[in-house]
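Only one chain is included here, represented as structure tokens and corresponding to the form predicted alone.
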């Protein structure tokens, strides 16, 4: 059974959606089927985690010829890097289904199931054509969810994210096809297997262009400053589950792609790009923090806050020491939990009072104390509150940056300070003081809402208080990768 467990994890939501669609399932069966499929995936992922060997490298691999004449295969596997993202996806999707429980538009549920298959497949793919297919599969449900179920100028914003993402995807596809052709020219046989392609050697100029093809796709997905223009409009127009997927999962795939494919295929060339990307990351950390301070819309404010923290993650990925890499991977997980929590809270707030304008709120603590408690907790966890996992991740990245260069470390530290500034400023205006016109209509959290928020809060506390429970899962692999790259520990 376990040799095809990753296939089950990838396709269980898709098969569930297909069966429910063919049977034209009524809404009650549809949402129950979606929830059960996500819980089935979670159980399988926990089984994989329980049997995972941190020193075992790539595990649970499954290789099946697909388009054999052109070397394209269904090839999946999981290592410590992909396991972190796999766990995130498996944990967050059932909680999002609880959030959506009263959603009556059937397309919403089908798109979420297809989205889960897309992001999971992208994380586990080891064949580059397969990875590209899943990478593109993620985009369609997001486009539909924003364009059809979003708010404001939703169709224009959906088209904007699609155009920018497709631009990055096309550049990556061209690079993938060139890699496959180069393997054919060198060996007489086609292959898009990551390990096979990593043996190819190119001239410095060719390698620079090929790496740029991948980096453009990943920079848009993160997004780095200059490639971010889709971010705030998309976050502002998206329904809450789509925002959570964009912020907590899809944005992290950009950093994951740099590790998996950037360092896997173009490590020497990546060193040439490193100063420029680190400069973009530092500019992004500061620019997005300033934009967060000036925003009056809660969702756009935390969109820019996410941009600032994602830039910090990108910085850590290019700080090639164990602190930088370990901190980035840890922060990928904990920031996903924090951003999921805060965007769910903002979605709940909008449902209650019909506004997420900071200026229209105030006094939430008096009106809905449990709501205010969780809102404050998730907001502070975004800012790196000590005792939460975000603090551990940020601290490790900052230490790694100081170890690489004290000046870069000082810039990295400003992220934490700036986040405290705009989060406390926002909390002072929304949670405390007298009740605003809108917040007076805010009711407190019910049992279903607590059931989806408490697991997120507990995970953030456990990752913050006992990080030693989690770091042994990925440190051996990161150490081995750094040793191969000649990076400092």
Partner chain sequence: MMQMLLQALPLAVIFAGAFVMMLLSRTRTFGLGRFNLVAVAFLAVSFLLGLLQYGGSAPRLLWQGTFGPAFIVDDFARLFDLMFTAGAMLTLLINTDYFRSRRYYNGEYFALILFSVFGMMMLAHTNELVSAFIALETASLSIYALVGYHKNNLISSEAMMKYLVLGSMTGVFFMLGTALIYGAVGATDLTAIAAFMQHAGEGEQTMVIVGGTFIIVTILFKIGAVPFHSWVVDVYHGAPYPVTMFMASTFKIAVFAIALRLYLVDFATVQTVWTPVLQAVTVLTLLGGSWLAISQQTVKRMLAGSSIVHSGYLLIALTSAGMGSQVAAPAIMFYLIAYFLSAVGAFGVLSSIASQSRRQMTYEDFKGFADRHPYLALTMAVFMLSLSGFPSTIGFLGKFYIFSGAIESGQLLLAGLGILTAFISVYYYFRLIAMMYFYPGEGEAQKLRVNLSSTLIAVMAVLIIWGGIGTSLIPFVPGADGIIDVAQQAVAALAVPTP
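Residue numbers count along the first chain shown, from 1. Computed from a predicted model, the values in this text were never measured in an experiment.
Omitted here: the form predicted together with its partner chain. The next part is about that form.
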Exercise for the section: Verify the contact flag for residue 163: yes if a non-hydrogen atom of it lies within 4.5 Å of a non-hydrogen atom of its partner chain in the model of the complex, no if not. Expected result: yes
Handout entry: 4.5 Å heavy atom contact, residue 64 and its partner chain in the model of the complex
Key = yes
Exercise for the section: Evaluate residue 209 for contact with its partner chain in the model of the complex, applying a 4.5 angstroms cut-off between non-hydrogen atoms, and reply yes or no. Expected result: yes
Handout entry: Exercise: residue 132 in contact with its partner chain in the model of the complex, heavy atom 4.5 Å
Key = yes
Exercise for the section: Have a look at 287, 227, 273, 143 for me and say which one sits with a heavy atom within 4.5 Å of its partner chain in the model of the complex. Expected result: 143
Completion exercise
Picking from 219, 173, 416, 73, the single residue whose non-hydrogen atoms come within 4.5 angstroms of its partner chain in the model of the complex is 173
Completion exercise
Assert contact_stretch over 188 to 196, 395 to 403, 294 to 302, 81 to 89 against its partner chain in the model of the complex, heavy atom within 4.5 Å, equals 188 to 196
Handout entry: Non-hydrogen atom within 4.5 angstroms of its partner chain in the model of the complex for each of 104, 373 and 385
Key = no
Practice task
Determine the residues of 98 to 125 with a heavy atom within 4.5 Å of its partner chain in the model of the complex and present them in sequence order; the list may be empty.
Solution key: none
